[in-house]
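What follows is one chain in structure tokens, specifically the form predicted on its own.
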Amino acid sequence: MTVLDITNVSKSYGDLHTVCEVSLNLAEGERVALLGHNGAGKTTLMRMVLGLTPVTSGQIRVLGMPPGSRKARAAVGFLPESVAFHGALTGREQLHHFARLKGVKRREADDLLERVGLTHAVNRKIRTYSKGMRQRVGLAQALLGQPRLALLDEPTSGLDPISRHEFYDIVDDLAKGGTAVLLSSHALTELESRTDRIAIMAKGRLLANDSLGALRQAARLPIKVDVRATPDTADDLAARLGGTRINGASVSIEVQQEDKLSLLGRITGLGDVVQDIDVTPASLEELYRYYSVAQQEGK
């Protein structure tokens, strides 16, 4: 089932076009990363989905309903990039307040505080919380009421590496439960294995929208193969494979996807002179740079 349907949506402020004819759909349980530089239009797009910013043209539907309608608001959880809470309230008091606003039982709020790792601090004033702890409160409020669509804008900002891993475990659980997740982040490396699809925006336009594998295939960026040789054989290995010698004992080769298996066969045929092989496809950072910069320049 389609949870979010964005069709040819644009947003303009006079002569300033912040979003230009963007179409993007999210299905139940799908995790989509929305990437783009500051000012690319990501936050504006999310605000239009929330009904906070009116659409200039095009259409948005959340579970078939217009954004900002009562049913659409009830179906959406939102974590903004910069969370702000009342410093005089405790973590529990703040989330209980949000629970009342959303018509959710206090028990669910308490369970969510435990789920995001704040059990030890629920009775402390929020003004004593670190940035990462406040971000956890924000995530908990976004999950109240088991939303059908979760919009997460820079959700791992302020979180340490362990907390980031725990956050994506929560995202995985949400998706398994059928929640569609649209998250915006500049932390590209952590998104590679934790999302189903990548959408890339630049200057208000959607430049790419597909799985990581499909984007790699379309971009045709080379795969890097590093071969570690036995001592004193790196020069011979580089000559036979046509690669570049690096670090004294390794050979680096770049190859297209369709030639990868053939190259690996040649390397395997060299026998004991090969100690190890590392195969590295184009990273999400490289793909982002390709789609957001190279395509705009017509390369």
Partner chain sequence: MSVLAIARMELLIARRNMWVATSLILMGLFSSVLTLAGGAPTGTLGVDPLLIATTSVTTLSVYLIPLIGLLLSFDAIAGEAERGTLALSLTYPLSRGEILLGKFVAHLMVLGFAVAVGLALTAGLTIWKYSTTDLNYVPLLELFFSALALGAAFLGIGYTVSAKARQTGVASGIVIIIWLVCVVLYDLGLLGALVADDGGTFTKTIFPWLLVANPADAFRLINMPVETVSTLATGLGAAGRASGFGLQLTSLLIWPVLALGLAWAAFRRVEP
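Predicted, not measured: the structure shown is a model, and the values here were computed from it. Numbering follows the first chain given and starts at 1.
The protein also exists as the form predicted together with its partner chain; that form is not presented, and the subsequent description refers to it.
Is there a heavy atom of T233 lying 4.5 Å or less from a heavy atom of its partner chain in the predicted bound form?
Residue-level check for T233: no, no contact with its partner chain.
Is L52 close enough to its partner chain in the predicted bound form to count, meaning some heavy atom within 4.5 Å?
L52: yes, in contact with its partner chain in the predicted bound form.
Are any of the heavy atoms in P80 no more than 4.5 Å from a heavy atom of its partner chain in the predicted bound form?
So P80 counts as contacting its partner chain.
How about Y129: is it within 4.5 Å of its partner chain in the predicted bound form, going by heavy atoms?
Looking in the predicted bound form, residue contacts with its partner chain do not include Y129, since no heavy atom lies within 4.5 Å.
Could you tell me if all three of H86, L89 and Q94 have a heavy atom no more than 4.5 Å from its partner chain in the predicted bound form?
Looking in the predicted bound form, the three residues H86, L89 and Q94 all sit within 4.5 Å of its partner chain (heavy atoms).
By the heavy atom within 4.5 Å rule, which residue out of K224, H186, R220, K125 makes contact with its partner chain in the predicted bound form?
Of the listed residues, the single hit is K125.
So which of R205, R194, R115, R73 gets a non-hydrogen atom within 4.5 Å of its partner chain in the predicted bound form?
Only one listed residue qualifies here, and that residue is R73.
Please determine, with the chain shown alone, which of 167-175, 97-105, 153-161, 205-213 has non-hydrogen atoms within 4.5 Å of its partner chain in the predicted bound form.
After filtering at 4.5 Å, what remains is 97-105.
Of 124-155, which residues get within 4.5 Å of its partner chain in the predicted bound form if you count heavy atoms?
Residues within 4.5 Å: K125, Q141, L144.
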